[in-house]
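Take a look at this single chain in structure tokens; it is the form predicted alone.
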Amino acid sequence: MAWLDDVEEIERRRARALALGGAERVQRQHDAGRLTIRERIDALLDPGSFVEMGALAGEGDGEKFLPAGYVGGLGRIDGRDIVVGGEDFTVRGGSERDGRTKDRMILEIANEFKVPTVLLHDGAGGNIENTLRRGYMQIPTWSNDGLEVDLLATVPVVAGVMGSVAGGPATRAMLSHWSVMPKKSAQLFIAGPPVVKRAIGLDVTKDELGSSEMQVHASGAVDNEGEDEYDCFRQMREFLSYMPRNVWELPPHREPNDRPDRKEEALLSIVPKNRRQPYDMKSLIMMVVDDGIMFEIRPHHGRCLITALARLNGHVVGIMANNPMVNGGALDGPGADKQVHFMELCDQFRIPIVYFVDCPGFLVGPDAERSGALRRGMRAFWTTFSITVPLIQIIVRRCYGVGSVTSSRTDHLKLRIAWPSGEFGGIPIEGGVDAAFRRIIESAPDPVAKRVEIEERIGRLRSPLLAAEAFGVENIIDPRETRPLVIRLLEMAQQKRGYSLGIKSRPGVRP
């Protein structure tokens, strides 16, 4: 019993650490509609799996002991190891301190063991109090020596924006593969209202600066939105269920409940005969993937493009699809940015991509030009040619212009499949006729009739069967055959994916 007193002191300090910033501050956190960091970790992880690191870190002795403003350690989600950590807002608002910090330790553990990392942000970043304690002004440096950047190359990194997040924690939330925030109880911004007012004289609220409406819907800085914190944790678990442990492993296969040879009758009629009539692309996707389940990424931003994770015969796939209900499926700047990030995510973790194409090209007009849609679109094109995972192109309807080139590449084996509703070309017939035959149309006795005559003549060449006869497309299929055929192609490509495991390199410079 020689060490009993010391062990009892350890237990007293542990109990003090579990109390966070004290009952009053915990209640204030709850009154704001937010969980504490320990409640968040418990809600996210498998019960009883959390092993805390640095629980005794803090300042003071006895009753004056104040735990460090960060909680983290090891845990499991669905039996798989992860690292998890987050700021404790009940201690100095989760602000950063000088010296070796617990958040750095969490990143070091993740980097050492190469396991997925979940960071639950609820902090205000730098604290001017540190300057007074230190006694001098310090040149800004990245406190963790770029460990966050190193992790992005090796393991899945998830960020949760769980409270009022500013400064350093806000920037680290952006250094993630996927992020989420609850609708009403969180904000994200570079700097909060007091700093904004002093800097530019503008009075704004936290919600006006950084609510989910701003950061999920408008800016796209955060990928997904949860109904509340618990919904955010559910989405985190679901996202990670599609991810491998690290880049040296393939994504996890799950034994499917769905038959690989299932042929959905409704696919035969989902695309309208009227070429101008939109349809529900999400319903189309769900008819093809396992059990009609997909996890959509960034659903509220760049809505001309759908990006999602799903499974086909138990294998993880990335789904991309043009959305005919937004911009008529034309690719705009936000949609192009969304495509770039998603394709890089899939390529990083060896997830093959299936692209359902219905794209008339890049969005046109003054607003598109002003937003830099062309350069952003060519970044998507550049990324398409940079990835090495299998990319299967299913031409559902339109596939025109450079905007559609972002859906396939020519330097690898082409896997392009068209439906009977598919049509493709360098430019849509309607606009192309006006550009190429302008003089003939304008000089005709009846310009309108002449335009219609030329469009009908060229329109007879629209059938994908003519392209198939010239071997301009690899296959035209009954839409009901889409699921079994794509599964067959993916299983054939499955072995190749194992050849290139490890850290990816990126060629050249993005446009």
Partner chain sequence: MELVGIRAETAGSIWKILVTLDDQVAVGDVVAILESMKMEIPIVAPIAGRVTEILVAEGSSVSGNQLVAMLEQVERDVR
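Residue numbers count along the first chain shown, from 1. Please read these numbers as outputs of a predicted model, since none were measured by experiment.
Heads up, the form predicted together with the partner chain isn't pictured, but that's what we're talking about next.
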Only one of 114-122, 361-369, 251-259, 190-198 has residues with a heavy atom within 4.5 Å of the partner chain in the predicted complex, and that stretch is 361-369
In the predicted complex, the residue from R311, R172, R376, R397 with a non-hydrogen atom within 4.5 Å of the partner chain is R397
Sort through M214, L152, L268, M325 and report the residue having a heavy atom within 4.5 Å of the partner chain in the predicted complex. M325
Quick one: is P420 in contact with the partner chain in the predicted complex, heavy atoms, 4.5 Å cut-off? no
Any of the heavy atoms of T205 lying within 4.5 Å of the partner chain in the predicted complex? no
I'd like to know whether A330 contacts the partner chain in the predicted complex, with contact meaning heavy atoms within 4.5 angstroms. yes
I'd like to check something about R303: if you look in the predicted complex, is any of its heavy atoms closer than or equal to 4.5 Å to a heavy atom of the partner chain? yes
